[in-house]
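The chain below stands alone and is given in structure tokens; this is the form predicted alone.
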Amino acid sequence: MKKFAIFLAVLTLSAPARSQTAADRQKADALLKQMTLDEKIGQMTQVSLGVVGTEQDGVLNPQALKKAIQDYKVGSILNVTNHALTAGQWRGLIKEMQDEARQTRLKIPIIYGLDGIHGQTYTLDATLFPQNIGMAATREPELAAAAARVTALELRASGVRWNFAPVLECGRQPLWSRFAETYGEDVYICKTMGVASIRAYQADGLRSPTAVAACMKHYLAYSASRTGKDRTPIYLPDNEMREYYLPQFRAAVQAGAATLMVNSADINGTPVHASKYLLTDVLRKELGFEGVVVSDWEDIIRLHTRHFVAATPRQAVVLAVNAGVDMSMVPSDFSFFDLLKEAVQKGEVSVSRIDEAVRRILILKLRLGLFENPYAEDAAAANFGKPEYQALALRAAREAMTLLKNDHEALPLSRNAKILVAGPAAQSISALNGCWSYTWQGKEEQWYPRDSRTILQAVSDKLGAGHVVTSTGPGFDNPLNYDTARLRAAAAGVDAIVLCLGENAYAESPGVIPDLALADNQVILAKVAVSTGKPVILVLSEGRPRLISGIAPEASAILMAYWSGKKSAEAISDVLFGDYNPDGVLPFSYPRSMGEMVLYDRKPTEDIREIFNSDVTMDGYRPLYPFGWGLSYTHFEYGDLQLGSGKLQGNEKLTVTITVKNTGSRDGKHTVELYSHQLYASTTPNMQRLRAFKKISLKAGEQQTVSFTIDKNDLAFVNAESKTVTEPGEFELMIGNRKGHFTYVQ
């Protein structure tokens, strides 16, 4: 990782970037005074590439481009039409757009935006890292930052300066089809990893050819869908919103995130795009956000067509803009422009509100250096596709791998063994990468880099083709993958079966499912594999936890691989054969069944199961594998938990130390996690809350003392009045099976 030290050296906004803000504001104000109403509304209008493109990907329609930029004064363009383009194609497209913008009266440049969710999604041969859910399993904020840094470099190399990432919602509803884009169910991990990524995207200042504007999304609580279906209603008490969904946005604002995208759904009956409370009172006044707020895809018109809170399309525009949306991702026509102009002329939206939005957009463009040079810089273009990016992708994929089960040390497998590689994910590249992978859905494997490996190929590379057989065919949905007779026959002469199950790629609504049950044909395949009598090593490539309770007891080992990007197959193979000692840990509670959907930071009553008063058990939290679970090929032991004091008072700090020893025979990495539990509080306290974590490396036989420092802010919660407070009382601190007690006094 020495090569990436430079990526991590500057992860906060530099002093020059801050000092430039005042100058940028002055320039924006001066430009704003020269602008007509049409020019202002055009800056607030964002259309997709399809509006200005042709049927041929990467080729623009000159007349359509002129119409958008000259006639409608459009200030922003986004997305692709079908699939990723080469970095050179992107640079050419953006040059054409900026050339056209330079023909306008005020020569205001276009800002282009793409979804670099886990790497530069829409540039061919760009580096793909683990999805956020896999990155959270690494428990390495520095690793998340390094991956974000590469994403920024490859975006900027393509001429793109605005990245619609990261997703900051907590993944507390595993049915949600965007679960893989979250950092899991814990708000502290989400906040820590998200802020690390934002700072890395924007490191060195936005003018630098190494940076892009980050976009925190989707404000607010998009992942809290009641049913788990995409873009569906959320019912959320204010104190729960402030406990689990607002802190990461507050931290992202403080970290300098340049832009924000709005939640497509409604909360308690109010679409967020129409919520002045959330977009102005909370976001602007309470959190102090000064950047650009952009709608999500088509979500302003949907206030009229789907949410039915606006009786007309114009009323939808009025509601959204007055609530606080600065830019409309229209995205397929110019209706927003016409409707907003009409609304201003009728006095339904004030010119001062228009000026406020446009000023923010102009400042963003100034901060990104677009007025100075709107084209892809030579220095940026040189940063695309460096070999060290692949090394980083491999490291990230390895550290994401989470070993859930390893009975009788079934893993690592012997290099002398003969292995059957089976299951639908065995020869599927898309099932290793997931959503936003060169295409929106990520399923079109022809766009993946030619050197992408499948699990079958990676295992064959490791052992040699003579030691590997398969019952599968290329692609996740290939009928051969589910042929049980074929699997049984192939298993006859092997020592073990590596069974690759899970989910093929999907994004957003196409990923909606009725329940978390693993597909029946995969369950049948697993049962047949077990019936052969050979050890079954289950490898799960999935974006959310699919239920495996019916097959997990019979598997000899289970490896959770998530969707871990370009180097997934190599990382899986390295773990299976012991070339890498797994150290990933779950960022969510792996449910046992649909009726056991309890989160780790549960309330005491969720722990209790009661039939009669005398028949009370404390086993209400019964996931198949708990939050923070992850095995290793070595063993770690904790010494006693040591507290610097038995009392924490006022603004003092409390030091917590513990000694960790690697008692096994292999070197390994281990994540030490500090949890707290307040015994009594004014609202029912959680059974545990993650307050800090640290990943360490220990050689066999080595021990290390790990220290954490906490203060009253680390013990805070949101009370019934929606105030963040730390109340006096008794606390437990927990690391592994060790506990310590102290009292907090004001």
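For every residue, the number given is its place in the sequence shown, counted from 1. Please read these numbers as outputs of a predicted model, since none were measured by experiment.
What comes next is about the form predicted together with a small molecule, which is not displayed.
Participant: Work out which of the listed stretches, 342 to 350, 367 to 375, 291 to 299, 514 to 522, brings a heavy atom within 4.5 angstroms of the small molecule in the predicted bound form.
Facilitator: Checking each option against the 4.5 Å cut-off leaves 291 to 299.
Participant: For the three residues R398, Y562 and T671, which mark the spot I'm curious about, does each lie within 4.5 Å of the small molecule in the predicted bound form through at least one heavy atom?
Facilitator: The answer is no: none of the three residues contacts the partner (heavy atom, 4.5 Å cut-off).
Participant: With the small molecule left out of view, which of R149, R156, K217, K566 would have a heavy atom within 4.5 Å of it in the predicted bound form?
Facilitator: Answer to the contact question: K217.
Participant: Note which of F129, Y183, Y201, W436 lies within 4.5 Å of the small molecule in the predicted bound form, where distance is taken over heavy atoms; exactly one does.
Facilitator: Exactly one residue meets the criterion: W436.
Participant: Hey, in the predicted bound form, does R172 get a heavy atom within 4.5 angstroms of the small molecule?
Facilitator: Although the small molecule is absent here, R172 would stay clear of it in the predicted bound form, with no heavy atoms inside 4.5 Å.
Participant: Mark D115 yes when one of its heavy atoms lies within 4.5 Å of a heavy atom of the small molecule in the predicted bound form, and no otherwise.
Facilitator: Taking the distances in the predicted bound form, the answer for D115 is yes, it comes within 4.5 Å of the small molecule.
Participant: Looking in the predicted bound form, any heavy atom of S676 within 4.5 Å of the small molecule?
Facilitator: Judged by the heavy-atom cut-off of 4.5 Å, S676 is well away from the small molecule in the predicted bound form.
Participant: Is there any non-hydrogen atom of E96 lying within 4.5 Å of the small molecule in the predicted bound form?
Facilitator: The answer is no: E96 has no heavy atom within 4.5 Å of the small molecule.
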